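Laid out below as structure tokens are two forms of one and the same protein chain, each shown alone and named structure 1 and structure 2.
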Structure 1
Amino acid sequence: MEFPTIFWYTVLWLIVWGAVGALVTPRVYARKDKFTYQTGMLGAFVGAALGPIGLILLWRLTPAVSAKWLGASGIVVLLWLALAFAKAAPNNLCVTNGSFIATQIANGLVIGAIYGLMALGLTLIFSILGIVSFAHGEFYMLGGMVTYYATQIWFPNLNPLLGVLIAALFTFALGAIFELLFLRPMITGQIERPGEYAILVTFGLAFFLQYTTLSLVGASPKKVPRFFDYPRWKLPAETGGLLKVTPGNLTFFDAISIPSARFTALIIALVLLFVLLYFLYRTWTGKALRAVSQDRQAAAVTGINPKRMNTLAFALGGMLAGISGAALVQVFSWVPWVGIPASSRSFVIIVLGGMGSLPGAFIGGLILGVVEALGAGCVPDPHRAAAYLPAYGMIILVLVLLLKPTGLFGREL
């Protein structure tokens, strides 16, 4: 099936006016002696959304940059894209079948929430230690692997949640040990080039963990049955028009279908997210962590031990990845390589959300989840769509790094 050119023309139109907006707007603001901060982004959004008319208005009014303007024009851009897609591929399932696309988006959000949780761990590490762990995916892989062994091999009748707990403890301990042995020397001045060292040593850790796991458990895929079978249930009781529950599936509004394994994973992720937020904003240790992320020296003066915070952050970050893996091991089959794409996703998410931004990581996760789900479900030529799946996130990563390296919520310099 040839994908009609109208879609690509629309994309081209959006890009051209977006680029014009991004390039010219800061100059217009500067000429009027107004702050140019983030006006490039605003120009890009408005240009893409409303074309030349929007830009002329923008340059006339030169309003202060606000989330409202950005959000509104962002939504308009998405609408244009959706419209062009519907025009271009009128027979596509994503256009003809509302239930299908709703299910795709819902499942994308569910998986995205777990990606977000995992990326949150990476962002936590980045904001405290100032490094990106290239072994993050391996913690995810180990979380799933340990859950598999705990619930299927070592203690066959173990409550799956206890399996998740074991995985959490294991990845936490692993993170702490690695930090103490290999990252601590960076802040004590024993390493000459800390920036490069951090990249390479975490890369080495990834390699080491992959092959240790492979050597110990082999390459055959591991499968964990879904943690919980849900009881059959309907709401309202007769028709199930709002919610229909079967052991393996949940159906909302007769349209959106989510497998129960994924739903369980979502619940685990959300609970964990709230625990994490409570920890970071309500406990002394959590506040200490945030203080260190804002100003190391000042935090040290108030009696916080930044070295301990480094260990804690790396261990916690690893644990978040581990729990994400533990939650998803019942959804996907597990091999020692599952960490590689998981790492890549986390990179995409934290760059998209803005390095070091906690809300950015979570929202970035949701966005990536939806993009992947739509990419897999809607792109014409399903074989190609599947084959290109690993590239979608990478393309986002490349574009964000080129166009706005600080991401959506990054601290601007």
Structure 2
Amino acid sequence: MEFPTIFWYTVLWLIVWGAVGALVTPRVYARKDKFTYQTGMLGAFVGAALGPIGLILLWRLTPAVSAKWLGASGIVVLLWLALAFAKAAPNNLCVTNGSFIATQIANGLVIGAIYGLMALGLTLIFSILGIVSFAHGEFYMLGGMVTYYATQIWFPNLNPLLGVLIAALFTFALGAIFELLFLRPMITGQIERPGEYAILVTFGLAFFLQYTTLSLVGASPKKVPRFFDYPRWKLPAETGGLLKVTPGNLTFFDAISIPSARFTALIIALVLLFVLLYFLYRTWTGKALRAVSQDRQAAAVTGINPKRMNTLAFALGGMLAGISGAALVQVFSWVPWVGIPASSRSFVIIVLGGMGSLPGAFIGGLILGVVEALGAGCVPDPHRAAAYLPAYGMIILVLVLLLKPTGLFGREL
């Protein structure tokens, strides 16, 4: 059979038996008076992995749901998909070239770390304020724009890291001002329906920031040259087999290639992640933020001001998005609507990781980055690969909502 026939037949088989397992398995467990939590997800995984034979065995044995069963079934599903893809497209680079796959995974992890950093900001806002900011992508866009103008227009010889710092301060201040003016009335009782108000007002901010930026800077793409040209270096010096560094690229094990601009963005993301973790878990203010996220009234009783924590959380969330944009403006071309796909990715990530879960947000970003990188690299038609990128996030979102609505690290409410 020609591609994509054999591949799509395999996908159809997995979907049909996965759906049968998801629908029937909870009823089988309930009939046997067994705990039904997550049995639908177990049935979906077993059905997709082993078809009717696996489901019959599952319904007869009705084992307790465990990570072992889910993990083993998930691996089998991935193997089926990989084998079907290899059969359908035997000449594809993802089938014939192992170093190409390793490079795609490495670059996916690098970009995924930035995605995770941005999603951390959205998760922080949701944890403290209980709202989803629909203007999060515009903070990301502004971070890149401010870095571009600070380092290329206003101060051409400015150190790029200082440009990132300026973007961080700008987005932090913008987030704090917006929260004080428009979100503070939500918790002071001035708004009758705060949930709907938060959606509308953050949507309004998104449109305002996007179109104001468009009117000020125009629609032409902007891009910052890579922040640093790395020195030429080899390890070991004789062969350079372990690590080879050039001004624009890093090569590991003579197989994995990462552009230096992306690697710089990764370093920025990791440093900021560790700073954020230290702030949240080692400082009084960070512990106060976590206390408000767990129980607002109890935190207020102990002397914490929830209003200040709201302002700080929204400002920090905007700043994290801004720094993400500032780190990636050297990688991608920047336009005023660049925040729209970034915002949609953040929503997918926080659902995947679990609403309100900080570790889940970062791990979800890594997963989405790898899926997008492999998807773009393995699509047989390279001209369509970029157009398919938004679809991967939507597929992940649908699967998570169907199989595990609480996400990887979320809790049942």
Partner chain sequence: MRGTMRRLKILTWVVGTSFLLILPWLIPTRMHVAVIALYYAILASSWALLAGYGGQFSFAHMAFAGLGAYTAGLIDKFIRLTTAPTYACTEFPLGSWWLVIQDTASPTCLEKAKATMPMGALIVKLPAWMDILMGVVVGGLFGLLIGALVLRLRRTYLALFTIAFAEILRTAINAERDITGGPGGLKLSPLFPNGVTLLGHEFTAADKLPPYLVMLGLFLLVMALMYWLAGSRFGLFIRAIREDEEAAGSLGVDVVRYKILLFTITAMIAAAAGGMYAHYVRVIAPNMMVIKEMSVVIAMAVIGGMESLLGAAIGAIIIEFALEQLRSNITIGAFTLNMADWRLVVFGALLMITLRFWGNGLIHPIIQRITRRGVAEETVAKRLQPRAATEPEDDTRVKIPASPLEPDP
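Just so you know, these numbers come straight off a predicted model, no measurement behind them. What we label the rigid core is the largest C-alpha set whose atoms superpose within 1.5 Å from one form to the other. Structure 1 provides the reference sequence; residues are numbered from 1 along it.
Please match the form predicted in complex with its partner chain to structure 1 or structure 2. Note: form predicted in complex with its partner chain is structure 1; the other is not.
Does L214 shift between the two structures by 2 angstroms or more at the C-alpha, the core having been superposed? No.
So that I can tell if G393 moves, could you say whether its C-alpha shifts by at least 2 Å between the two structures after the core superposition? Stays below the 2 Å threshold, so no.
Taking 2 Å as the cut-off, check whether the CA of T62 shifts that much or more between the two structures after a rigid core fit. Yes, the C-alpha position differs by at least 2 Å between the two structures.
What is the Cα shift of V11 between the two structures once the core is superposed, in angstrom? V11 C-alpha displacement between the two structures, core-aligned: 3.8 Å.
On a rigid core superposition, how far has the CA of I53 moved between the two structures, in Å, if you could check? A shift of 6.8 Å.
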